[in-house]
Ligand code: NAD
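Shown next as structure tokens: one chain only, the form predicted alone.
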Amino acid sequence: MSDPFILARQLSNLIFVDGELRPSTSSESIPVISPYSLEQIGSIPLCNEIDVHHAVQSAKKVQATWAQENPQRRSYLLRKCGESITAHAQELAHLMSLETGKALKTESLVELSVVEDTFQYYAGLTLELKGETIPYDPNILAFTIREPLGVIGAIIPWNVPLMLLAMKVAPALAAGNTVVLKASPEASLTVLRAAQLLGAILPKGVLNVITGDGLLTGDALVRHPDIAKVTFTGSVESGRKVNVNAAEKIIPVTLELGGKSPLIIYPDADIDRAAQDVVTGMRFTRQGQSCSASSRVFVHATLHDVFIQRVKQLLEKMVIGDPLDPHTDIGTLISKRQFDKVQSFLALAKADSGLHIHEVGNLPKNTRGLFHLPTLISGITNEHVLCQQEIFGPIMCVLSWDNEQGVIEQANATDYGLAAGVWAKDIAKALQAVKSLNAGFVQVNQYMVFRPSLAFGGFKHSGLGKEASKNTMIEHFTKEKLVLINCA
């Protein structure tokens, strides 16, 4: 296994275009800072319009050939891509933990286990891009065919970089498109190494990876005239800009944006299982850096105090420390900017004398790392800014309730509608809650992470469209053509 520090230096100042790692034409770069040591471990190019154009042209010149490739061949290559990622899982996970501060044991290795599943899943769907025959006239054969869109522009964030790479790249390639992917500045090195591995299997130009920020690089990618569709995961603010720019070109977009997901615990819930599930659902092991985190937990008044006690007991057992240490459960936040943002929300809570703040666990000693204690805030109302704005950090709001209709209304009283959860033994009540919750992904008596084949996406400000299923691949990465043949 390669040393992640050496690998970070080897990948620095490079992009992946036309099947190889190469320097950018830009003279500007962005430093890559370890959120654990706060030291620079590498740098990435701030790609300009020239870099974007080269990447798009590389994808464009091979797209027709890739689309005409035997679907079984595309399936085979995608399977090999998944296998290659798994074969290098340790290397990629260590590099990801170094770059992002995510704990190796609980986050990076777990993420890698999903990546191959995603490639394998879509490899099996290359033969499912079927049209249909339409009853129309005895002398006319009417049918539809599915065709790829062309060059896809994909933009991903830093919190689960390889999972999102797989979620966007695998279905696009399976459908016969080629891809130009912009990695996040905070997680580009891991994505570049993955692209290098995938590029050793795929034809040159089928997958290209550029680096940079959203303002320059991302904007140039979305606006490029040869980009046929954009799939974006990130903040609501950035998603709006992507949507406006894509609308000017009249091309389709898929937007997976923020969340402020509610989880409702009914009085008959198994409180021990629910508490464990909330710790997982809040993504405390990822420092709460998840769009689907269960950051608003509505607990029935009869269980409220017990619930907080149970969650605190579970969190106290977790080790906060060096992300690369195999004993660490919780690593760092991604950057100083994100750390300051989370701290500003915590300061708002501490300034409110009516709130109860429970900071749990022990910070590691003798480190400058961007660590933050898991924090529960109770005595809070749903109208509070901490319950309305996405913090993207390890701060969970716990609200007490005693009226079923009222708690559903509170759960829905947010601009977001990504995910939601319900804990109840009474399945009839749970199903009634499911019908009433305005969220794209609702779970009962569990709050698991993403898996391929389960369509994922939200309502309201949480985005447009779904990802990760057969239907979404067909709807978002192909176009339908109607054919009429007069046989008379």
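None of these values were measured; they are calculated from a predicted model. The numbering used is simple: start at 1 and walk along the sequence shown.
The following text describes the form predicted in complex with the named molecule, which does not appear among the structures shown.
Does Gly234 reach the named molecule in the model of the complex, with heavy atoms at most 4.5 Å apart?
Flag for Gly234 set to yes.
For Glu99, is any heavy atom within 4.5 Å of the named molecule in the model of the complex, or not?
Flag for Glu99 set to no.
With a 4.5 Å heavy atom cut-off, would you call Cys291 a contact of the named molecule in the model of the complex?
Looking in the model of the complex, residue contacts with the named molecule include Cys291, since a heavy atom lies within 4.5 Å.
Residue-level question: is Gly199 within 4.5 Å of the named molecule in the model of the complex, judged on heavy atoms?
Close contact is absent here: in the model of the complex, Gly199 is far from the named molecule, nothing within 4.5 Å, heavy atoms only.
Spot the stretch among 302-310, 70-78, 142-150, 258-266 with residues whose non-hydrogen atoms come within 4.5 Å of the named molecule in the model of the complex.
Only one stretch passes the 4.5 Å heavy-atom test: 258-266.
In the model of the complex, do Tyr36, Asp277 and Ile330 all reach within 4.5 Å of the named molecule through at least one heavy atom apiece?
Looking in the model of the complex, the three residues Tyr36, Asp277 and Ile330 all stay beyond 4.5 Å of the named molecule (heavy atoms).
Exactly one residue in Lys105, Lys241, His88, His384 has a non-hydrogen atom within 4.5 Å of the named molecule in the model of the complex; which is it?
So the residue touching the named molecule in the model of the complex, by this definition, is Lys241.
Please pick, from Asp322, Asp219, Asp117, Glu359, the one residue with any non-hydrogen atom lying within 4.5 angstroms of the named molecule in the model of the complex.
Of the candidates Asp322, Asp219, Asp117, Glu359, Asp219 is the one lying within 4.5 Å of the named molecule in the model of the complex.
Are there residues in 440-478 with a heavy atom within 4.5 Å of the named molecule in the model of the complex, and which are they, in order?
Only Phe456 sits within 4.5 Å of the partner.
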